[in-house]
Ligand SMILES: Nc1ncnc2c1ncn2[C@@H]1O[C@H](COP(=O)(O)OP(=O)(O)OP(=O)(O)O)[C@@H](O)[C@H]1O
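Only one chain is given next, in structure tokens, and it is the form predicted alone.
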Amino acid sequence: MVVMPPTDERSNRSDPSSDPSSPPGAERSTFASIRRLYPYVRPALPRLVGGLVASLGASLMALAIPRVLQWVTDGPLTAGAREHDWSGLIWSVVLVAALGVGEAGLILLRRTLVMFPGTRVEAVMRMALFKHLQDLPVAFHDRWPGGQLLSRIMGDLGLLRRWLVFGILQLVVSFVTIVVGVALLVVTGGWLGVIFLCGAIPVTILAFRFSRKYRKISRLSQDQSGDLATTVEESVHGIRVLKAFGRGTDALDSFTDQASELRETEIRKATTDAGLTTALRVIPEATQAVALVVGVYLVAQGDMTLGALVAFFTTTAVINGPVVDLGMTLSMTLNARTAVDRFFEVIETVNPLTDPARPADLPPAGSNDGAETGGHVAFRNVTFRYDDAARPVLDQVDLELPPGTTTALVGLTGSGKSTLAMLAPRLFDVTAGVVEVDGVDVRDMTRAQVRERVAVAFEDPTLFSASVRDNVLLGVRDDLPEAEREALMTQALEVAQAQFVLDLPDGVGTRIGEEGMSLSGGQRQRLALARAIAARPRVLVLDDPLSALDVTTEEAVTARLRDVLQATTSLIIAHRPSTVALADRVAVLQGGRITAVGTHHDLLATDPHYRYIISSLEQDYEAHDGENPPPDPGDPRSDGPRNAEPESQEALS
């Protein structure tokens, strides 16, 4: 997987771009970086090329006006004054006016041609990036801050759109205008053109140095903007914690420090840009001053006509605009190059959780093959290690979940319970071994097939800023009749004891706030549980979904779950003694391995480590006073005997 280790000191999750000294893509030239946009820009190329042609036409019309002025100065203007023939002068004025109107029309045509395709390219790239983010595994999102991704999908793509509809055209037009204009100056102005051309030497050197320096500052600025967005996101999501502990001032201080760093970077960027812009103004003006002295001398000596001198300085006036704008368009191009690099850092991240070339031929999800029980799940010799971990979390785990049974998975904190549970819906892939659902390796199914059969209710529920109905029916197939969808929702809400939604202002049509934060923790958990139940999975993974419920509600939910889970294979991550009561049997996870499987009462009688776990859970559940649990009799670090029994098994059962 192309995921770099964290480097940002402010967060354990950081994107690979947080080291601006050598960001990804720095080895490429600007042209090579921007060339990667071609697949996205290709459909819009005809209109963009049309806009470029219109811009070039407008530029060439502007350069033609000095030639008309030269002709009218040396011809009709002088001759008309002597011979009282004003027709040539009038036609010259008409021609200049026509060129001006033509230039304005072509500029309007350019804007009309490029505006729509520019926004279309931005939309296509944004949708492609969002789709890829949805496809990338959980491990990627664990490492990348949300603010960095947000800055790429919004800020960077907006910058690219502006560059496509203005920056690239302006850069090409400015370059062509300068080249053609200088060529005309050299051809028609003689030594004056050579003098003006000499000014291009320091301009070229300064532009080269500017591009190298500005590119690094631009990258740093955009990365710092992402970090700042991450800070805002985390502060908003954690506003209750900040308020509860009175740490709003600390959060403000941290934000102020980051904002100050970004401000200093922006000032450096503006100063660098201003330095080039100043040079691009001063150098041409200085060469013009020298050319004016030389030009007056040549006209006085008769070596140059007055019309040629007028045309020379009129042409330089046309060229000076693109020369001054060159700093802006160059900085915009370098910003666009940085945006392209940041976009492709994400879009080119390889997803290791791919669908097989030839997926297994499976019956539609929800059909249960006509059976009345759930799917069969098997973990066979499963080993799993995180990318940045020195040792595996799970080591040669073997566990069978027979169809229609409910298995509670218990273990101490950090034993790998949640990790094992996430392997069934293939949120992670095993490092070694096999996870099977109904006898088929989950890697031989498409991810859609796996997740249609395996539903998950997490301990920390995530709800979306949508209606209650949309949240509960998230995992239900869209092709089901509406009446059946409504029936599934009603049953799921009843089982999860979530009928409180009927008392909301618009009932199940009520739109809940971002992440459901307008609801209590218990209400969010019940809706998340209802969402998993409504999906009618063959396999249901429950990661302690009742932890935020009061005792009465938990008992009601547990009673209804027993009925519902009879036709579903369930794996429950147990963090509370009451959760174990849901299970037909219990699996004990210790040191990354399944050390015992049996009923609750059998394990109490035969497994010291299980008794220790249960007593620990009871203390945490009943006391919550922060006291340490009793020593684990199965832990070699314990001072107690290895085979010590609790004083009363009845109390534990």
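Values in this document were obtained by computation on a predicted structure and should not be read as measured data. The numbering used is simple: start at 1 and walk along the sequence shown.
Another form exists, predicted in complex with the ligand; not displayed. Remarks below refer to it.
Screening 412 to 420, 216 to 224, 313 to 321, 397 to 405 for residues having heavy atoms within 4.5 Å of the ligand in the model of the complex returns a single hit, 412 to 420. Contact annotation: E459 falls within 4.5 Å of the ligand in the model of the complex, judged by heavy atom distances. For D563, no non-hydrogen atom is located within 4.5 Å of the ligand in the model of the complex, even though that partner is not displayed. Using a 4.5 angstroms limit between non-hydrogen atoms, H575 touches the ligand in the model of the complex. At least one heavy atom of Y386 is located within 4.5 Å of the ligand in the model of the complex. Checking D142, E348, D550, E264 for any heavy atom within 4.5 Å of the ligand in the model of the complex turns up a single hit: D142. Of the residues L171, V393, L519, I195, just one reaches the ligand in the model of the complex with a heavy atom at 4.5 Å or closer; this is V393.
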